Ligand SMILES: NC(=O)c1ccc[n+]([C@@H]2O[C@H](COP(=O)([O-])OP(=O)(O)OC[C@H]3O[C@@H](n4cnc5c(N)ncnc54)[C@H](OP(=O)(O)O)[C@@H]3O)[C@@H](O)[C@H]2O)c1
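Okay, here we've got a single chain as structure tokens, the form predicted on its own, with questions on binding and movement later.
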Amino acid sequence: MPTVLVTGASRGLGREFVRQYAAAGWQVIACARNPDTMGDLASDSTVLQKLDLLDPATITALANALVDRPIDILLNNAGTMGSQSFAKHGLNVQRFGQSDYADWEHLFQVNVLGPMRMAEAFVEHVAASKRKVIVTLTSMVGSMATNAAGGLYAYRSSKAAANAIMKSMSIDLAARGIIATPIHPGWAKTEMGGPNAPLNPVDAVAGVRRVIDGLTPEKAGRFWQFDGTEMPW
């Protein structure tokens, strides 16, 4: 039975990933800062674990606790837009001249350093599995080629940086048979995406899962969308 580890599993897309993978017969390691909020997700196939991307010690502790556990898919789902809400204010957040640099650093800690720390801590677990996949959910706003609106400086830069680390990771880990890539899950109706998003979480997650199922070494390190199309950098 394959195993997937999901970060940011307490809400939004993370919670839906846990639900869908468990329903599909996977062993799921569901991680969040406060596992108590995920009690309804616990089952024979789903284990809840404490993990805080801002606390590297919790990452190390979990990696050590799972030292003999192969992980087929390391799914870096956890992410943040910071203190300003896109769901409420749209592109009016993070405008030029309004930079909150402490918040910007917070975004990089979660959206960039978090996935990197997870990959470095769990690379042996992934290498020991059959599927050998590392995926980080990024965003279309991390694409420089499609940026025609400006703004969102902190969030855009964090997602572009996440894309960059996944590209390098795809090269560095290829010799070990590991497929690493970023995926844009679409603009979904979550707390972050807001009620006006065109996509529901069920369809967004199902789409990402199909993309993951279709990954091959040739597709590693490319910027995929939930519908299987490729996004320009």
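Start at 1 with the first residue shown and count on from there. Fair warning: this is a prediction, and the values are worked out from it, not measured in the lab.
Omitted from view is the form predicted together with the ligand, to which the following refers.
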Look at the candidate spot formed by 13, 139 and 187 and say whether the ligand comes within 4.5 Å of a heavy atom in all three of them in the model of the complex. yes
Tell me, yes or no, whether residue 94 is in contact with the ligand in the model of the complex, where a contact means a heavy atom of each within 4.5 Å. no
If you check in the model of the complex, is residue 63 within 4.5 Å of the ligand, heavy atoms only? no
4.5 Å heavy atom contact, residue 77 and the ligand in the model of the complex: yes
Please tell me whether any heavy atom belonging to residue 42 falls inside 4.5 Å of a heavy atom of the ligand, as the geometry stands in the model of the complex. no
What stretch, of 46-54, 64-72, 22-30, 172-180, brings heavy atoms to within 4.5 Å of the ligand in the model of the complex? 46-54
